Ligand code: NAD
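Shown below, as structure tokens, is a lone chain in the form predicted alone; questions about how it binds or moves come after it.
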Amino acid sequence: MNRYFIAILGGGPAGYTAAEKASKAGKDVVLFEQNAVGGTCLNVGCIPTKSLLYGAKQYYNASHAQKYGVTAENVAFDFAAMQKRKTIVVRKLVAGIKQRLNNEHCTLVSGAARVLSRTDELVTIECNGETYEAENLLICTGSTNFVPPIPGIQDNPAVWDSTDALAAQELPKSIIIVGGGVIGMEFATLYHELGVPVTVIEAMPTILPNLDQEVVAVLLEKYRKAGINILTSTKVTAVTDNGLRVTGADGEEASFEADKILVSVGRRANLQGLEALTDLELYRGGVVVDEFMKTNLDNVYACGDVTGKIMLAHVAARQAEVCIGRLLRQIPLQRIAYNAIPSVVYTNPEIATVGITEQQAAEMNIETEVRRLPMTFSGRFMAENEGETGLCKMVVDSKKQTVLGVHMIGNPCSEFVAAASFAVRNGYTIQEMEQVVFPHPTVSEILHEIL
């Protein structure tokens, strides 16, 4: 029986990043993945949704090209071809990850692994009838779609989760999306731009409740004007064969019908295979870790969605880098700057944000000044976003004059939010930001104009 330096459960962004980093350092690694390497993000999440969204955006832009002086006749799309391209993109990226893991120190095992036993010196794992031993265990088992306990939702052929939606070879004739979070609003964008009638049901008073609400209001107004039916403060009380029943904030009941119902109300940590770790500390369903991703057990670590912290692929990958750096005793020891994690909502227009919002600053009793500018202060934005205004907000510490947060809506803010992340991560002052030179003409110049 081979004995490994580390056994990794799950081959998503956290798992494959950790495996690559450890094996390149000469440590023997065994990586278990029961589905496909790349995890949810690559196979049924980030990448396939962005592939389809880009196809939808191309169709939408061609259909509205007249505002740029371009006439396009008989514009059409082939959804099956979009799906085929999505599959090719995913396969190429999966192959790329496997290639990166193809070295003498990394063993990739396909199958559902489970922990059999653990001591402070050794962890024993079973997969496909074989037993494996490792000095350390890294849990990267990810998360799964949460299905709310709504009558009629279980085993209903009309109900989809995000995986079902991505696998569908035909568009629904109409769709109700339960959940106005990031996943729900991205799918709302996809279906709307491909001509499918969309209704979004959100229980909270607003869509995208964790984001800056002034930025969200810009998207909400545009989408409502575009014909997306968005209902907030509305709870689903029952799901039927062809729709659902809801109750509004005023207690009024209503019914909606649709071809399909997409449920996207969040994800939960996946603890499958960890049953033997009876003393593993959990909090709100996630594995508790310290700043170096170590659990309460001496040789057990966890990264990614399973920790229940920030369920983003780039966070998972960074957690893995920090974790393996700690295990390899790399000096100086790295830590994760959770205050400077950028996030993006791939609606049209995009939303990109980093740092704390104006509301969060107030809750933390931080005295701030908030700077606002329409994205139209950028010449490049004006040239490429006809009819759009956009918004850039910067939250600044009034006393220290440091940048605490940046929140934007407008294409393509996802491509330069990292610059704002640098500022937040390093505690740049306004004076220091003023010394940064942005290329002209680019939309990124808005980060200089707002100063």
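Just so it is clear, the structure is predicted and the values come from calculations on it, not from any experiment. When you see a residue number, it is the position in the sequence shown, counting from 1.
One more form of this protein should be noted, the form predicted together with ligand NAD, which is absent from this view; the next part is about it.
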item: Contact residue in the predicted bound form, chosen from Leu171, Leu108, Leu93, Leu312 - any heavy atom within 4.5 Å of ligand NAD; value: Leu312
item: Answer option from Arg318, Lys260, Arg267, Arg118, heavy atom within 4.5 Å of ligand NAD in the predicted bound form; value: Arg267
item: Segment that reaches ligand NAD in the predicted bound form - one of 272 to 280, 176 to 184, 221 to 229, 285 to 293, heavy atoms within 4.5 Å; value: 176 to 184
item: Interface membership of Tyr346, ligand NAD in the predicted bound form, 4.5 Å heavy atom rule; value: yes
item: Pro374, heavy atom within 4.5 angstroms of ligand NAD in the predicted bound form; value: no
item: Contact test in the predicted bound form: Lys27 vs ligand NAD, heavy atoms, 4.5 Å; value: no
item: Contact flag, Arg425 vs ligand NAD in the predicted bound form, heavy atom cut 4.5 Å; value: no
item: In the predicted bound form, residues of 202 to 228 near ligand NAD [heavy atom within 4.5 Å]; value: Glu202, Ala203, Met204, Pro209
